[in-house]
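Before any questions on binding or motion, here is one chain by itself as structure tokens, the form predicted alone.
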């Protein structure tokens, strides 16, 4: 079914072509009204068009209104300000749309007409090191974007670009050979590997030996390659446990080592195309034609000693993804500190390919402690992600036990897992990803406010209505939106598709968390003002349909955030 914004946009575009000529008219921009008193939607862009054509914007808006043609989608539109066109949906249109959404397993969300192939690069931990709190943002933001894009109908390819190659492996290999504790390795593989690395790194007399072991690895030494593979396997076993807890999976896990054989050829091709040139012995890509980057350092792709760098690997990775998957878009989800690096990689790609994919760096801020500094343990080290998730489940179990002490322990633990992990995810996804945010257990586990526990409880509360309702005709009811609170809730439900498109377009999951929080508020107003179970038929069944649709949207929305719903709390 066509959404209200799509219908309005088509009507406004036709009216614009009629008012100013097809050669002058541009696409219509339909946005929700910032202030509901003006209506439900607003057509923007008339003022910019009027300015370009040298016309009075308000007069042009009135002219567009006169040309508008649609049935009963909207009440007669109005003009406010310098030329904003406002639309208020008619109850009959909302009723038809809600009825259609109720009978649609996709809840009124159509798949896109032109699906894209989108590669999403996220998480990317380093082998032989524990995943820490810094990895949680990349992991859950990337997973959420993948879920939303897939639901909208795009072909999504997720890739976990592991840090599994580099100078650290010389230290790890010599540590493995000389100082390995097999008992510790069995009990905590990542902890033991981390200890080995630190031990060798702290003893300068071992560094030359470590370099020699690295060279042997790079030259294909069988013993060192076997040790390297064991280190990767042990690391992946630990990473997999964390990903399983988070409900995150990947289509591919292609680490830096996968691209290592390609690096020499990439450098040679960039040199042959005159995209890279020598500077002080190193091979670099310069950006003299880029106003933003021309004053920055160049992108180094080979050091004077012949060694390759992150930039080389990223260029090789990009080439491989384009050659193998032919993507329309490639999205990199990393922290904000890598902004300059990716601007350079993307600029280099635009030199290399005439029409590269749409390359986007979805960056995020830092998780802060309540002291306003990056979140760390008392000894100043990053908080391990596994420890963070353990504490989330423990704290959630305390809350669940306090609320439902008579529930069997196994059930309380299952609820605590969903609530605790969900709280960590939701607290992160509800932020504007580009900013830092303060990590607060009390806020993220609160049963009120914009939190996962509140959203999960809202779902449980709606579900409880159906347990009390017993037999119902809700599945065959005719929708009737007679009360203002019913209409308001219904209109908000219909905004689910446009919310998901906003998440996809802006790479911001907080559009979805904000939508869901507002949905629960509108449902509360509806439930307080519109008796459901106490109403006579057919009103009772119609309102039960609204309840069902609300629960389904909450469940689907939380699922797209990677958060479980539960049937009781």
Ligand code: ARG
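Positions refer to the first chain, counted from 1. What you see is a predicted model, and the numbers here were worked out from it, not measured in a lab.
Just so you know, the form predicted in complex with the ligand exists too; it's not on screen, but the next bit is about it.
This chain lacks the partner; the member of 377, 249, 126, 404 within 4.5 angstroms of the ligand in the predicted bound form by a non-hydrogen atom is 126. When the ligand is considered in the predicted bound form, only one residue from 213, 143, 314, 486 comes within 4.5 Å through any heavy atom, namely 314.
In the predicted bound form, residue 332 approaches the ligand with a heavy atom inside 4.5 Å. Residue contact check for residue 135: one or more of its heavy atoms lie within 4.5 Å of the ligand in the predicted bound form. The shortest heavy atom separation between residue 310 and the ligand in the predicted bound form is within 4.5 Å. Among residues of the shown chain, residue 495 is not one whose heavy atoms approach the ligand to within 4.5 Å in the predicted bound form.
Contact with the ligand, judged by heavy atoms within 4.5 Å in the predicted bound form, is confined among 178 to 186, 486 to 494, 338 to 346, 84 to 92 to 338 to 346. Contacts between stretch 271 to 299 and the ligand, counted in the predicted bound form as any heavy atom lying within 4.5 Å, involve no residue at all.
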